[in-house]
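This document opens with one chain alone, in structure tokens, the form predicted on its own.
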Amino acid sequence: MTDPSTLVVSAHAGDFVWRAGGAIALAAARGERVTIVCLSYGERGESAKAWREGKSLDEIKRLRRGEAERAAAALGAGIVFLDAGDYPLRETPELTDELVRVFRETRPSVVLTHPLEDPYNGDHPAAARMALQARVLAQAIGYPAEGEPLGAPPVFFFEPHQPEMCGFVPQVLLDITEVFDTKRKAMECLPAQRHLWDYYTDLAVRRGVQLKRNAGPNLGLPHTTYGEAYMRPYPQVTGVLA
């Protein structure tokens, strides 16, 4: 059996921090390998402050890469950049093939990515579609990529910025209380999107309230519990209902 491993497929350089920073930090704290794949730097659509400051495209890419590297390090994860461009992020066979190679190299036991709907940002569902396609292709023994074919790692969609508009239902609530300070430090590595720091802190508090509501009254959860919400596109496979 291979060691536990988490693979995060993120459309832009900041997405993995806001949406899955707690899950990443928890896995890293358990000693598991976590690999983040940033398909783009978010240089065109998610770097407005840098554009207003008159920075060039190459300068913005370097800026966002540095931010993402520091955030990943704060969470305890490795990070890979594919520099595929954003707004739009284009789905191509070549980019999907790169993801297949990452799947086979990292051999994830868990995959985190965007949900398949987002009317506000087409890059997010594009990333999700390629991640799911790569997961399937990586299982095919005849697919021409290095490494051995995979099993079928479970996939969790992390929460989008506008969940009500994206068909997102919080099916899984993850308690991230013990690592929330780590997630907050990672968020603060992204000053290009400083306006999101408090938004995602507040969201973690709200999901923590929901987590306590669904966890039963006697689990001794702290007064302030922080949570992240996830949705599953595939059925859970288990021998025990819990």
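For clarity, every value in this text was computed on a predicted model and none was experimentally measured. The first residue of the sequence shown is number 1, and the count goes up from there.
If you look for the form predicted in complex with another copy of the chain, you will not find it shown, but the lines that follow are about it.
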- Exactly one listed stretch (33-41, 64-72, 181-189, 49-57) reaches within 4.5 angstroms of another copy of the chain in the model of the complex by non-hydrogen atoms, and it is 49-57
- Query: Thinking of Ala29, Gly76 and Leu82 as one candidate spot, does another copy of the chain come within 4.5 Å of a heavy atom in every one of them in the model of the complex?
  - Reply: no
- Query: Given that the partner is absent here, does Ala23 sit within 4.5 Å of another copy of the chain in the model of the complex, heavy atoms only?
  - Reply: yes
- Query: So in the model of the complex, does Arg206 come within 4.5 Å of another copy of the chain, heavy atom to heavy atom?
  - Reply: yes
- Message: So in the model of the complex, is another copy of the chain close enough to Arg194 to count as touching (4.5 Å, heavy atoms)?
- Response: no
- Using a 4.5 Å heavy atom cut-off, state whether Leu99 contacts another copy of the chain in the model of the complex. no
- Interface residues of 131-152 toward another copy of the chain, as seen in the model of the complex [heavy atoms, 4.5 Å]: Gln133, Val136, Leu137, Ala140, Ile141, Gly142, Tyr143, Pro144, Gly151, Ala152
